[in-house]
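Quick setup: the structure tokens below cover two forms of a single protein chain, split into structure 1 and structure 2.
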Structure 1
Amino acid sequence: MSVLLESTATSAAMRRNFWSGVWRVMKRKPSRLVGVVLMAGFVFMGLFGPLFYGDPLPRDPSMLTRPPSWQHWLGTDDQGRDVIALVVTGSRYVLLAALVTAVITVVLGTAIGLFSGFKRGRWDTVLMRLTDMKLTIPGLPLLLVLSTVWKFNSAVQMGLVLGLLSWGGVARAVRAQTLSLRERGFIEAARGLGLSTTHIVGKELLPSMAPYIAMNMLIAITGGVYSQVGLFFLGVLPYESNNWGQMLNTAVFRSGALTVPSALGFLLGPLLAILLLTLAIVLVVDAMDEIFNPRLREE
């Protein structure tokens, strides 16, 4: 028993060690803290953003498509609403859909990659041909074509479809990881010991890949944001009254943001949001890269 006690005590210490390692990694480059803060900001925005504004958003019909001012930092849209308010309230749809996309992408990609890499043989061949195919077919054009058939009626549906279309990369990467881990002695040893596949996959493989999967998930989130905003921007999806992509669409094709500067604020709002989200995720992934690499963490 004392053995057990000691082991929990040390694992607590290990955990402390881990967090101090994390802190070290963060401190090494302050930009990473910026990334974490930005990311937290986006999460907060998606969760609580809409609560700060009325429904419908306050608007001023005498201030249609105005450039930035003190009152409206990024100007107003063609309905006289504040662009920042639009970006904040619009984030929920975008981020929710992106989250759904990411979850599906990662779950599906991991499952397929694991299965394929672990089973190998015929299944592997079939699944990887499929994945290759998925990866070769350009995603955006496919989405465009699909948009003629599919009705993207809600954020969740949107995320679902995007997720179903984007697991390829993760599957390929997870498979490669699985294959390389498979070759590692410990997986073979576990098989030799007669441990169940569930154990091998759940306890040995997945934990080894967890950081990698987490990073992929973050990257999948950006992917989800990009595709749906892009589709709305092109105007191939049903109108959504408050969405970053719709804002881009209205700004460019209706308010002439690329012809006159007055609508630039309206255009910049969602663009900045996307840039900041990308930056946040790039910085956090950069940090995670080091955090989950014990060697780099402890340096």
Structure 2
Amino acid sequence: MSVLLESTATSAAMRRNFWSGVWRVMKRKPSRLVGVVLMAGFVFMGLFGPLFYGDPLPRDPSMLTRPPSWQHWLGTDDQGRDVIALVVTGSRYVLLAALVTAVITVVLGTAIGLFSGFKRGRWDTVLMRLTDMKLTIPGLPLLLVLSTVWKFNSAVQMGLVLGLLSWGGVARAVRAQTLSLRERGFIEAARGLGLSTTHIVGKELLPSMAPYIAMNMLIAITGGVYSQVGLFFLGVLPYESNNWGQMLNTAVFRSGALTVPSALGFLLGPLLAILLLTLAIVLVVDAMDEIFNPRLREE
């Protein structure tokens, strides 16, 4: 009983030390707190933002492509809809697709990289040749071809395709980390005890790499956003739902935002959303790097 209580107290103390360390890292650069707040804001916007607006959004024929005003802070689009409302309602598709992309990218890349780096031998050769083949396939041209036969009607479909095309870089990076960790003493001890490969990879290697994998997942979210927004901006996908890429396409090619000053707010809305999301992820990744890297904390 006393041993159990002592173990519980030790775990609680470790948790307190961890969160106090997190707070020190955040205070050292207040911009990181801004990143966390922005990230939380985007999560809230994606989950609950569309609930604050009607479906479809109200249109005002007398307010077509108007510049920013007190009534419409970023102006209106070519159908008289508020630009901020379009950004908020379009965030769910973009963020969900990016999240699915990141999850598939990280899960596939981590699984292949871990197994390849730990097993070595023929498995390593086969999996890395497969990864190299994947990395040589140009992503954008392949997506353009796929768009002619697959309409990407949902955000999950979009994320699934983007994730299956994006895991190669993560697999290579995780394999390199695994090759470094597999020579450490605790891995050698686990091998000496005769523990299974599944146990060593799942219980020893994976927890050691969890912070690195989490940072890669955040970075993969930005890649997912850029890819899908680029496809919609190029006009190769149907406008099944409102999203930031479709807004950019409409603002540039239909409203003439590059030459018509009154349409500039329509163009800036999705661009600002993408910029702020990228900034939030960069600041959070910077904080995570210092939290989980003892050398950086010591500096």
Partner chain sequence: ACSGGTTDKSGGSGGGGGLFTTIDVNRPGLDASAPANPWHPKGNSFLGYNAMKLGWVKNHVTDPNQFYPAIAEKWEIAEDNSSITMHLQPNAKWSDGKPVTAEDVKLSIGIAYTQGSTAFAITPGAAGAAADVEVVDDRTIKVTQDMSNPSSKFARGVLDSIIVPAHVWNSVLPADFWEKLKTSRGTGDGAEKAREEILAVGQKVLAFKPPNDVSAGPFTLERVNPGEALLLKNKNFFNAANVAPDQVKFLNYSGNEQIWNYLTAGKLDQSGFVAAPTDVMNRIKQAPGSHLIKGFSPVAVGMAFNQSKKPYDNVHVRRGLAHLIDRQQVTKVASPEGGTAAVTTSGMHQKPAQEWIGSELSSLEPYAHDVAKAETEFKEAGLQKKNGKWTLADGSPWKVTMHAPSGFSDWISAQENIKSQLIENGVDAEVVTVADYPIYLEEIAAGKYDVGFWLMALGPAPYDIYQRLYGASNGWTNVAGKVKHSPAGKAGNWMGSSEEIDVEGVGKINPGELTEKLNAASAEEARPIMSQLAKAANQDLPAIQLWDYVNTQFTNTSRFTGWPEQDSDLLRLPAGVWIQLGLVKKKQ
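Everything quoted here is computed from the prediction, not taken from an experiment. What we label the rigid core is the largest C-alpha set whose atoms superpose within 1.5 Å from one form to the other. FYI, numbering is relative to structure 1, first residue = 1.
J.: Of structures 1 and 2, select the one representing the form predicted alone.
T.: That would be structure 2.
J.: After superposing the rigid core, is the C-alpha displacement of Ser180 2 Å or more between structures 1 and 2?
T.: Shift of 2 Å or more: no.
J.: After superposing the rigid core, is the C-alpha displacement of Trp73 2 Å or more between structures 1 and 2?
T.: No, because once the rigid core is superposed, the C-alpha of Trp73 moves less than 2 Å between structures 1 and 2.
J.: Core-aligned, what's the Cα displacement of Lys151 between structures 1 and 2 in Å?
T.: Its C-alpha moves by 2.5 Å once the cores are overlaid.
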